[in-house]
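Form predicted alone, single chain, as structure tokens, below.
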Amino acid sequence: MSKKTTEYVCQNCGAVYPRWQGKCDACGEWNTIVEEKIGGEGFSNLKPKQKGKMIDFVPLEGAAEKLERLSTNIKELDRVCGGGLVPGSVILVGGDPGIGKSTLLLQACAKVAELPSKPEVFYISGEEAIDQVRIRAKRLGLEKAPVNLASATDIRDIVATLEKSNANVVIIDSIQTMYLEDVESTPGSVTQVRACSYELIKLAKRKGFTLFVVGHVTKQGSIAGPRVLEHMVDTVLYFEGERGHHFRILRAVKNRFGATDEIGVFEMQDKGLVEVENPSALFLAERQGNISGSCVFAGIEGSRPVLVEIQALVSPTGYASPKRAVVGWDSNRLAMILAVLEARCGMNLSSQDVYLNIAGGLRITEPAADLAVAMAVISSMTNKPLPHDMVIFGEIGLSGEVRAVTQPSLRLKEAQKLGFASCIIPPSYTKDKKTSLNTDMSVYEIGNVQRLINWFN
């Protein structure tokens, strides 16, 4: 047996130090460095003179094996995963507490277990007792689904059980509750999470079943544990949503078998999560027209066009420095847009509080929303509403120019389908603008933010 040694590991980012210190230099967090034992059983004990085997190399050219995917019968989940579940793949699911991770996975495993091919599905919970999972299943109307349910936290027992099974889908809820006896640290620590994940991933690859791993998130919103965990898995999904809204967004930030930044939209109801096939219509369902500070942005999330309402409120400040409050968008991006409006358009926003909200609880990350945000701010500042049947998109540069964005035709096609008749967009790429955009909408092109002010005069 190898001699055990001690190291100090940050529980937030996984950085390792030879001695204890109060602040982690890697992530900047305080009091997250914990002493952990390393070595011993469960780790590599290679002999110094042991030689490795020769590996075989192949050329780049060759026929790729076709991926046979397993459908979950939940279209939004299949979309985010790239068209279904790939055998042998490992999917990490993260999200805030109570957002609906366990509900979504319980619904997914029940749907898979009821397929005509009758795949073997195993749901292993380390956070809840069996009766608690049964209560949730009964509330969702899934108590009759042929799902193999267990409550366990010992990885050795789980691996031994799955080794003798014909599992097709396995769900571990959650990885922070699992432990290996050989690792002398508490469950949820960086060392335990890394070691437990390695054992499960190795088994999934060898047996060929799809493995779902639920991960906790930190207060910053990233998945807790070592960052290497996200590199070990094939797909990383984040379940997002505001507690005050009933919409939930499942977003792929990494996917080896599909597109990244793909989203699936769900609505939380009494009977669980319900798919939203047309999120644009749902996000705009409560929108009221002819109100200043409101405009509709035509965005792209993954391969899906999504229309959302952007709301801005500009009011005189009562403080020495004006307040900037943002929900659903990057606050630094808003500060840049306001600076451009002041410098290039002559607007006085230094004495105004600015509040920005993305209605519906969706978080927007693409810079194509710059023009819509600027129009909403100017509309609120001048107290003049925009036409209710107009959509806007475009990126704004620091010199005030409006830059083109990707897939304008797809954005306008979605807007026209929902009854919008006009749009404000950046200059087109080709001379024949009407043909290139392929739309019957009234198109207004704006190449510089200075022309935005003229729109309201």
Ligand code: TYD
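Quick caveat, the model's predicted, so the values are computed rather than measured. Numbers follow the displayed sequence, beginning with 1.
The form predicted in complex with the named molecule is left out here; the points below concern that form.
Residue-level contacts in the predicted bound form: of Gly241, Pro119, Gly100, Gly258, one residue has a heavy atom within 4.5 Å of the named molecule, and it is Gly100. The listed set Glu163, Glu181, Asp270, Asp157 contains one residue whose heavy atoms approach the named molecule in the predicted bound form to within 4.5 Å, identified as Asp270.
The stretch from 201-209, 367-375, 271-279, 343-351 that comes within 4.5 Å of the named molecule in the predicted bound form, counting heavy atoms only, is 271-279. Contact check for Arg136: a non-hydrogen atom falls within 4.5 Å of the named molecule in the predicted bound form.
By the criterion of a heavy atom within 4.5 Å, Leu140 is counted among the residues contacting the named molecule in the predicted bound form. Glu114 falls outside the set of residues with a heavy atom inside 4.5 Å of the named molecule in the predicted bound form. Using a 4.5 angstroms threshold between heavy atoms, Glu230 stays clear of the named molecule in the predicted bound form.
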